[in-house]
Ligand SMILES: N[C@@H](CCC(=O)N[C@@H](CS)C(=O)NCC(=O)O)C(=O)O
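Here's a solo chain for you in structure tokens, the form predicted on its own.
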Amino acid sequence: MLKIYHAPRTRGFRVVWLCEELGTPYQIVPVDMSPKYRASAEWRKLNPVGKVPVMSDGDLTMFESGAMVQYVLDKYGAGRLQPQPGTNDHGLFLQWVWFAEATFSRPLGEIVNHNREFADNPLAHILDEMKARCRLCVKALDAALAGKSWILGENFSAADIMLGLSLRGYLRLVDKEFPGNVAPYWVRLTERPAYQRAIAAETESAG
């Protein structure tokens, strides 16, 4: 069984949600998010930079959430939730998967890091720039969703899961609502039974 070392509001939620969509058995292992534990030799053995999540599958251990998503798709997906590799659709799938992590999640992460490191004296101009980058990502997503139910068209994919995690962070850290096409897209994402099961599993694991 997959073990997902996870804490609420971290990227491990992507993998939990994906497993729920695929019906892949998994276990959430709660992680102590205190700086002391994440700097410990015990945790650094699993994730050398001290971040969350980590996933194990037998003798394999991984610590990059986007890679975990692709691994689970390839090993357990049986062709589901991603287009056929080598096709144009798969190229667009990869684009949005990486957009969600490399472009959209990056400024969200910088907001979290800045608020943690400069909690006593946050620099407003730094936060404003990061929020502007996030809003630009949402604007790009809004345009891409025109006339579509999901980012690739009519078929839900793991790219929507990757984007959904970023949108979840956006609501918490940037704005309380979405513009245009993104608002109903978010409703469709959060109405999915697998998303709701993932939220319940995350909540239960957190005690």
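Numbers follow the displayed sequence, beginning with 1. Note that the structure is predicted; figures quoted are calculated from it, not measured.
In what follows, reference is made to the form predicted together with the ligand, a form of this protein that is not presented.
(request) Just one of 174 to 182, 147 to 155, 134 to 142, 47 to 55 has residues with a heavy atom within 4.5 Å of the ligand in the predicted bound form, so point it out. (result) The contacting stretch is 47 to 55.
(request) Mark S65 yes when one of its heavy atoms lies within 4.5 Å of a heavy atom of the ligand in the predicted bound form, and no otherwise. (result) Yes - in the predicted bound form, heavy atoms of S65 and the ligand come within 4.5 Å of each other.
(request) Using a 4.5 Å heavy atom cut-off, state whether R168 contacts the ligand in the predicted bound form. (result) Close contact is absent here: in the predicted bound form, R168 is far from the ligand, nothing within 4.5 Å, heavy atoms only.
(message) Would you classify N115 as touching the ligand in the predicted bound form, given a 4.5 Å non-hydrogen atom cut-off?
(response) No, N115 is distant from the partner.
(request) Quick one: name the residues from 4 to 34 with any non-hydrogen atom within 4.5 angstroms of the ligand in the predicted bound form. (result) Residues within 4.5 Å: T10, R11, R14, M33.
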